[in-house]
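Shown below, as structure tokens, is a lone chain in the form predicted alone; questions about how it binds or moves come after it.
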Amino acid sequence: MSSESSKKRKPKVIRSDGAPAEGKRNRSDTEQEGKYYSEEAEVDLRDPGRDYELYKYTCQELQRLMAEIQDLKSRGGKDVAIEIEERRIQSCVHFMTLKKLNRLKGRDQTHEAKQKVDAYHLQLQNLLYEVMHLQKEITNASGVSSKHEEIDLVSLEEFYKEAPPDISKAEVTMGDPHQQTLARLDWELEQRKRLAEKYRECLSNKEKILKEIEVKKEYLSSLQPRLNSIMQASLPVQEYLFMPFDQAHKQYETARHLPPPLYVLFVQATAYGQACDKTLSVAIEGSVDEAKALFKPPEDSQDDESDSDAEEEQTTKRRRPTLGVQLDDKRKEMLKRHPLSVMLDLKCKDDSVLHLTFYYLMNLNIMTVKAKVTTATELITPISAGDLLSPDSVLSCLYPGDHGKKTPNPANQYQFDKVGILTLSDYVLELGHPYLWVQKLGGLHFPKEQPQQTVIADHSLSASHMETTMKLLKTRVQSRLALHKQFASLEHGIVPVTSDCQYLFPAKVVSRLVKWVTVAHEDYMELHFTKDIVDAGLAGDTNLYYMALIERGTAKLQAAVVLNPGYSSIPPVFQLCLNWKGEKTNSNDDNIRAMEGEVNVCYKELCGPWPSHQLLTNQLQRLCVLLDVYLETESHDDSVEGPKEFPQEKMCLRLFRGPSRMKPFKYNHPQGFFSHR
């Protein structure tokens, strides 16, 4: 037995019946040792063989006693319980014997066996751990890649082609992959050394160049103040020579903040002015600071403002805006213009100037224009000429059908629906007109067949329309100014005919213009003798309408005139009604129809010299001549006494022709007679 087990066991004390109490132990040590029983000492004295025999005998006796108890219980009887009790007592004695044997021998042997098993198990665990550690090391060692595998070496073909023989060693490396890899690594090292040398050379060159750049920067930085002083000193010279370089430089600096369409217009208009029209003036108006603010992110300083606003909201109650106010705010935001605009001043020959201001609507991605005409001398505006130079109509239909009342961008209609805008025409007086030619000058094109997601300003589109549009604008202003002067004479009953056009008419014209007034579109539509023009679709709302009254004696000729905005390239259209001996129109008198044909169909004879600004007055003068011919060639009633009301003063080769008795309305110059066509 081990010393630990002996320490744990408490020695049993054998006492006699008359043994004294523990507190009165005053006998000798020999007497006390005789009173104690030690199992450790008995274990050393006992024979293991005899204990084994005793163990077998005890087990056999236990089996026998158990069998007898079982047999007695099965038989039953009065004396059985006593016999069973005796055998039970004997079995308990045998159990005590087994327990003692087990305590003396079995526990220490089991403990020793357990210690051996634990020792063997600990050795096994140590061995397994060593095996696992070795396997892990083997795995790590097998997974380690060499550094040369990370290097991107040249191919074998390039290696044997470029490497020198003392490195490639083809006779050795061809058959040995290891030597081949070593040789390729040597060649890679050699190449990298060369590249490193080149790199150092490039670095030295870079340092030299940087030093030169620094020297030049210092020179340029010192040059700028000198140039500024020179430019400041040369301002009087620039003004004297009409070479405003400083102003142009400022304009180009401002142009950097223009939106793309206005920038395209500015560049192309400036280029056109320098190349083709020196009188064209291009300028940029508006706030540059506001334009810069459009592209700046919100600053952090707004946080403080938001804090103060939050405090105010806690102390004061604010009413929420109504739905109508919100829609108005959304409309204003959608129709917002860019802070910068481009202004063109187009000068004509008579020193009149057409001022065009181009705007860009940022959310709609379209351009608009406002126009204003100024003259060298102040004009007396006739009553009938009120709409000729109106900013709302002076540029209408510069190209056919382009009235500038609808947006050219198809996507805008969907934007209008969101904010409740029915049409853009309600806002053109404030925003300007979005003519198609304005979009093209800005490089914008909105195809209707294949709409694009993003429309980009195109310089080539602007350049291709710039010259034609500028010429049309000049022609429009000149024609409107010419009409303005002519209307002043027509309102006074005078038909102005220039000397270049005198040959188109006879020397004596008796009929005279007595009235020239403007007519509203609705009133023109209600006239009974203009039905043909209305049915033909020639009476659009963009045209101008006038009424002329020509008299001779008792005969009165009414002429309803449709003046197209494209005058004089598009001629005016006349409809006639003669009040003399009844009412005569083209529906009941063929000669009235012939008179309309003379001014409407044969208008090219009346154009005069280019640009045909005298066409309208020549047509009115021709009507006066035609009325003379009509009245003078009318047959006289012989039953009426007295002189003829309209004596014949025009020379006619033939008074009538054909069953409809057509009159000779064609004037032949220079012979001075009238004939049939």
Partner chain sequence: KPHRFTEVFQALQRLHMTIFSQSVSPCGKFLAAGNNYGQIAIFSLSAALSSEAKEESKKPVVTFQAHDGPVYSMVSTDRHLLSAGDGEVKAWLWAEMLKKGCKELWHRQPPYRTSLEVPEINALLLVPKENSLILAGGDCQLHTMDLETGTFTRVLRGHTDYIHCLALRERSPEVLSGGEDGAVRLWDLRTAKEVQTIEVYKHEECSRPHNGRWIGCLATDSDWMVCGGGPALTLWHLRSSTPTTVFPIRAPQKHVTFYQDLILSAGQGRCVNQWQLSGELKAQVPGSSPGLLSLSLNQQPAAPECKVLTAAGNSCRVDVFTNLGYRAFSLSF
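Residue numbers count along the first chain shown, from 1. Given the structure is predicted, the values throughout are model-derived calculations rather than measurements.
The protein also exists as the form predicted together with its partner chain; that form is not presented, and the subsequent description refers to it.
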{"property": "4.5 Å heavy atom contact, residue 536 to its partner chain in the predicted complex", "result": "yes"}
{"property": "Contact label in the predicted complex: residue 532 to its partner chain, heavy atom within 4.5 Å", "result": "yes"}
{"property": "Partner contact for residue 573 in the predicted complex: its partner chain, 4.5 angstroms, heavy atom", "result": "yes"}
{"property": "Proximity of residue 221 to its partner chain in the predicted complex, heavy atoms at 4.5 Å", "result": "no"}
{"property": "Proximity to its partner chain in the predicted complex (heavy atom, within 4.5 Å), stretch among 92-100, 587-595, 121-129, 223-231", "result": "587-595"}
{"property": "Joint contact, 401, 661 and 677 to its partner chain in the predicted complex, by non-hydrogen atom at 4.5 Å", "result": "yes"}
{"property": "Residue among 185, 514, 601, 283 with a heavy atom within 4.5 Å of its partner chain in the predicted complex", "result": "601"}
{"property": "Contact assignment for its partner chain in the predicted complex, among 326, 468, 569, 115, heavy atom within 4.5 Å", "result": "569"}
